[in-house]
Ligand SMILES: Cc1cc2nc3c(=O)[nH]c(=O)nc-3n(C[C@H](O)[C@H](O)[C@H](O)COP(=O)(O)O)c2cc1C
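Presented below, as structure tokens, is a lone chain in the form predicted alone.
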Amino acid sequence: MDLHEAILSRRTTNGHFQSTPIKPEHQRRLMEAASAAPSHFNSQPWRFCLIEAPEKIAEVAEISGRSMTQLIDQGIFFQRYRRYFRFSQKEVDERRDGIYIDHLPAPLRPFTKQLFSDAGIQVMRTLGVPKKLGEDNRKLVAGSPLLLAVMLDKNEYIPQALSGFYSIFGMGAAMENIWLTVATLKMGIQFISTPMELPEEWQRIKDLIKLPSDLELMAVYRLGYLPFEQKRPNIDWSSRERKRFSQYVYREDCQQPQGDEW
């Protein structure tokens, strides 16, 4: 595929991967793509740790699953991210952002509007949803043949300085290069976000990868070759809608939106 097609077809993989190990030449290509990203003064502040050892992947999976269970059970996840969830096509058509939760277990479908209330969380506890989602999350990570830890050099990543912004900008560009390259290799990628929500669990991952003091762990991703048939998780969503030009593009100044017809 050409570059424009690769950009427009970029996806996040919510489901399982093949168990096939990632070929060394494909791992190298991903790292080459990351290295080609722009960075402030060519500082190249990013660092990557490729994790293939099954026992380490299994440990990250346990941390991720346990984090998901705790976040759902305590209502933390919903409190933090409610504003991104859409439960109807009408919401999606109006906002054209967020994630459309269009795939739910049958027992939960009547409660979509109450999912984020105290009563809704209690219903989910009664139905065992937190543990189920945690186990689903654990299995997804455990079945991934490759994990990628993304770090920044603390000599560049200084949050209170401009170099902190520049280094995050560069890391984002490097990760986008990886994401686009993944598609050309018939692979998938997904952010393992839940451990980041709980400092004690995030620290366990830092300890697992023996993070040195001069690096900051920024993110962990799971990667793998896409299966021939993709089965949707128990709770799944779509996030392909994009804002209209008039919602995010301006002409000459920020008082003049670009029209939707171009």
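Computed from a prediction, not measured in an experiment: that's the story for all the values here. Start at 1 and count along the sequence shown; that's the residue number.
As for the form predicted together with the named molecule, it is not shown, yet the points below apply to it.
Contact with the named molecule, judged by heavy atoms within 4.5 Å in the predicted complex, is confined among 208 to 216, 52 to 60, 32 to 40, 189 to 197 to 189 to 197. No residue in the set F48, L148 and R204 has a non-hydrogen atom no more than 4.5 Å from the named molecule in the predicted complex.
At the 4.5 Å threshold, heavy atoms of Q247 stay clear of the named molecule in the predicted complex, well away from it.
Looking at H16, you'd find every heavy atom of it more than 4.5 angstroms from the named molecule in the predicted complex. For the chain shown alone, A142 is not a contact residue for the named molecule in the predicted complex, no non-hydrogen atom being within 4.5 angstroms. Contact between I76 and the named molecule in the predicted complex is not found at the 4.5 Å heavy atom cutoff.
The partner is absent here, but in the predicted complex a heavy atom of R240, alone among R251, K23, K243, R240, sits within 4.5 Å of the named molecule. Interface residues of 5 to 36, taken as those with a heavy atom within 4.5 Å of the named molecule in the predicted complex (partner not displayed): R10, R11, T12, N14, in sequence order.
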